[in-house]
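Below sits a lone chain in structure tokens, taken as the form predicted alone.
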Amino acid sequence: MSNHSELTIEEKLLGKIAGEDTGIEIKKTICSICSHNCGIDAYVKDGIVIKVEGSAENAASHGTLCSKGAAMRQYLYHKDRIRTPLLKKGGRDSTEFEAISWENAMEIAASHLQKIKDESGPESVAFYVGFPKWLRSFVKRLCLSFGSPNFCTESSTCYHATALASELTYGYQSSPDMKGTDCLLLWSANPLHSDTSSAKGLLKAVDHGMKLIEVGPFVTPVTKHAEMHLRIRPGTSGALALAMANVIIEEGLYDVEFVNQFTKGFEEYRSYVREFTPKAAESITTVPADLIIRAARLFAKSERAAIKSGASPTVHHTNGLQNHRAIISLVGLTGNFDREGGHYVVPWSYYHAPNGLDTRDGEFEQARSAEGMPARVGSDINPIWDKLKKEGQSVYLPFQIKSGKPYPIRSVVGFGMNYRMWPGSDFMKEALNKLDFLMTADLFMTDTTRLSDLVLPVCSTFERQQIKMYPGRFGLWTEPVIDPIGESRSDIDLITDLSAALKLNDPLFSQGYKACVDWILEPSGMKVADLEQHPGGCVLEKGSMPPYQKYRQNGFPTPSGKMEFSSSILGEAGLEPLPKYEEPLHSPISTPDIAEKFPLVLTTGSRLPMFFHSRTFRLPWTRRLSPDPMVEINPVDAEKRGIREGDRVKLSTPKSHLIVKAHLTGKVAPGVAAMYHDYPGADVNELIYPDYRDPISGYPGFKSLLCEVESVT
């Protein structure tokens, strides 16, 4: 390797080598494209980012960057960046906007929102946060201060149903304690595509002897590292989990002490799972009975075992919440809850990071109690969601906008909002067009901002301050590494200015972002100033990680004080308390008449490593890795239909159809078709009915509906 001192200044500039002589500085920040927020070394010259690399000292990402992060400069400086506040000229269908000042934008926003509040009540305004998520506490505080109960987020179709299933079963959430796990059941997760910062640790654990059981309909990059692959028909996870429980109970492999002392409803659960023999489950799931038995024995006989699932694949079904309850019940059944190498319960700190810090972000959000306010969106249809999640179920937002019942929703204030995430996205678009006032804030001009009356430009992490806490004992505070692009501003500045324009008189907002974060962190004994001393992040000295098996002293935060195989909350609501399995609403078994015309199971939204929802389709580096919208089908199914690789095909469901290209691949099981969502010009969410959803969580059945693929070449 060459010594930098021997290079000419021209060679150093060409190599983008930092130093006083080149004028290139390395500044620390984080990537904001997806949720993992990997550490970045930004090479900055003359106020421009000229190169990015992973930050080696970031304890979460360890110097790695995925393809999305590597394309960060294209993301920052893209022509679609919104550079000034924009006011629509003409009606909702107009494509013309005029640039206005921030002062004018705040006056217009406050005037419209106050008018609607005066005429219809504050509940007629819904506040929505899509992506990124870091500003949610601030938007919820704004929403409640305004007087509206209708704070909504994209978690209405992402993680919240997974959390809901855990809360109904254990009273709180847990995560696999990967450091000491002997056996990991990886259920509908593909960390090499969706969670790259954890993938290295997973593969390292396998190299050191951890047994891996993979469950899911796809062959993934992890499959070759697994002891076995249980390749299920999409939507049948619950049947598989119950069959594994059948083996574990019938063979006496369950943890008798834990079950007898710390669980409720075991006998009813035991009686129910007798129906799910491995052979019976094979006919439902397509997983061979002998493989189900092997997996159950390996999981139950391992001294320390855990389950890792994706944020939403197990719950994106019309039977998803009960499916996930069946899956996570295996943890308690085998005594692996809140123990080393099993599942560990660590209270969340700001923002949703399990690291042992005592913070008060929940109190910060509740600037005003929602008690006495009208019911949240969707609360009458999904009372369990409303009881435990304390936010509107936004899947129902378009229905209430269109019907005006039980009261009108006349305006939406959206941050990072993407209407294409809704099931029946065309239905959501129609609803947004009925609003009196739609205001959105985003980095880019998107399909949603183009519908808006007022569009506000916000910053990336490279241009703003942000606190970031990671799972475990690591956190950081970022400072801007470049000036904001155009007139873009931090979301927090926008929120606090809007609060002031609405005369909400918020004493914390008036002090600014840093003061708000210090207030949230105060119980931990930590301040922003502590993090500012370590630009690349640091180990958190305050607080401590809790002990294992806390339930032995404290019980479980459920109505019974125990882990509940039979949920008290569901039972009291007149719903099925056991994690019972039902077929997806549309499936080859439940609707054979529909399956005659649409014989393939369509599953949508699985990750591609270069895309994160719609955010990186616009980037040349990432888009060229997969330029065309494609439906993936197994070669066996393709041959039956006379379809060849790259053919133009019609992908149809009972609702609608798309014309896309066919990709033939063995990664998809026979009888299944798969398509990534959010491709420009081929929105697969238009193919699902807006009311095709789980009755308890409200979650859409994105990953198990019926379709057909036909050649149109």
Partner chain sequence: MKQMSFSFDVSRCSACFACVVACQDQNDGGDEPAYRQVTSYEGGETGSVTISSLSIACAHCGDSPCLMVCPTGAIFKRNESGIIDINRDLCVGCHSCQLACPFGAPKFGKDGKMSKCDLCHARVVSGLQPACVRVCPTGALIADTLDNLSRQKAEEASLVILKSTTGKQTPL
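Owing to the predicted nature of the structure, the values given are computational and were not obtained by experimental measurement. Numbering follows the first chain given and starts at 1.
Another form, the form predicted in complex with its partner chain, is not on view; read the next lines as being about it.
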Check your understanding: Quick one: does R339 come within 4.5 Å of its partner chain in the predicted complex, counting heavy atoms only?
Key -> no
- Query: Can any non-hydrogen atom of R136 be found within 4.5 angstroms of its partner chain in the predicted complex?
  - Reply: no
Wondering, does M106 line up within 4.5 Å of its partner chain in the predicted complex on heavy atoms? no
Item to check | Contact of S174 with its partner chain in the predicted complex (heavy atom, 4.5 Å) | outcome: no
* Whether H352, K389 and C459 all lie within 4.5 angstroms of its partner chain in the predicted complex by heavy atom -> no
Counting only non-hydrogen atoms, the one stretch of 502-510, 154-162, 609-617, 391-399 within 4.5 angstroms of its partner chain in the predicted complex is 609-617
From V517, A71, I495, L578: within 4.5 Å of its partner chain in the predicted complex by heavy atoms is A71
In the predicted complex, the residue from C66, I30, V684, V649 with a non-hydrogen atom within 4.5 Å of its partner chain is C66
Looking in the predicted complex, the residues of 217-233 with a heavy atom no more than 4.5 Å from its partner chain, listed in order, are V219, P221, K224, H225, E227, R231
